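Below you'll find only one chain, the form predicted on its own, shown as structure tokens.
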């Protein structure tokens, strides 16, 4: 393994992610090589899908959390209505255009039933593009007090079914021993990611959110054992190093809302350009991925019970109940990261997040006295000027200009 990154004293973050970038650049070729040796590649979209089951089956998990490309979003309109969200249209559109190499390498898909649009994505992937699709049902009722045990029983049954189907597809049953090994690997990754994400909660940091988010999304694509090695390298590189004094005067922002996919950088770029600074996020492609480990019980006891517990009782998606828990989680993030303003990013036609915005707005403004700005957009560049003006005005309001 390579040694710690060498830092430029004038720019302490220079070179920090170079090794990760170099490794990620090789990933497509390595996946293709693994396929030639008979290894299966399983693509999935939603963080409720336990990739431990894919790993335990000897297959490669790839989270297809791509976004930001207008061409694929438009291409998906051939199958999904134009007022479907850009993410769901892109999931089909990448199959239409063939422009995403990760999609092209996938042997089968795992689709979690989170909304009406993704249900249709699953149908088209299976019927029109004739690739195997394994469905995972997700209960809509989720509560942190566990007062509805039927929810976890249902979810556990869905995971058992998925385990059997993946084992059949992979050519061998998925053993508990292999699941335990996969849990240990994924827990180690989550612990490293928590360190990386929690490291920038101070006012003075070496890693900023843009670095942390890039590191997280690299893990959607890379071989997980290699990814853990990269995280260990990054951790060793920043431990004990004194960060520079932060004196940029930028407004500290929380970015929350719809899925922020790989390649969907329009809003983060505009926030940075207009004098804001994202210090953390509350999205399903960011900090939420690493929030909770599978318990030790999953390593020494009932593996499926532990997986169901970890994935169902994480911070719930807006497609599920327990809005109070989402509000409290957001409040905690705001306090921990000294947030000064919230950008609520809603992809057009994403009903799950858009419906909850008025409640979040009232809660943040009245209970926390926290300014919040709704940005509704898609993958078109046509609204960049309008959004820039909105964010600039929002930042000026926070600064009291």
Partner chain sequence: MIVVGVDIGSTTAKAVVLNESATIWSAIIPSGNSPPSAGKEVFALAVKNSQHTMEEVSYVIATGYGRVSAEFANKTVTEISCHGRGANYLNPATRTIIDIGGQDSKAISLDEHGKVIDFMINDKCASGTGRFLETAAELVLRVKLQDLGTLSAKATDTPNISSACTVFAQTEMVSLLATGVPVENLVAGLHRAVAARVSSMVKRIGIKPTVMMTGGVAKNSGVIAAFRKELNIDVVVPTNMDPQLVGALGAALIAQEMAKNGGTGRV
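Residue numbers count along the first chain shown, from 1. Bear in mind that the values here come from a model prediction, so they are computed numbers and not experimental data.
The same protein has a further form, the form predicted together with the partner chain, not shown here; the description that follows concerns it.
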(Q) Looking at heavy atoms inside 4.5 Å, which stretch does the partner chain contact in the predicted complex, given the options 44-52, 372-380, 25-33, 58-66? (A) 372-380
Q. So, 327, 335 and 337: all three within 4.5 Å of the partner chain in the predicted complex by heavy atoms, or not?
A. no
Q. Does residue 354 reach the partner chain in the predicted complex, with heavy atoms at most 4.5 Å apart?
A. yes
**Q.** is_contact(residue 390, the partner chain) in the predicted complex, heavy atom dist at most 4.5 Å
**A.** yes
**Q.** Close approach of residue 361 to the partner chain in the predicted complex, 4.5 Å, heavy atom
**A.** yes
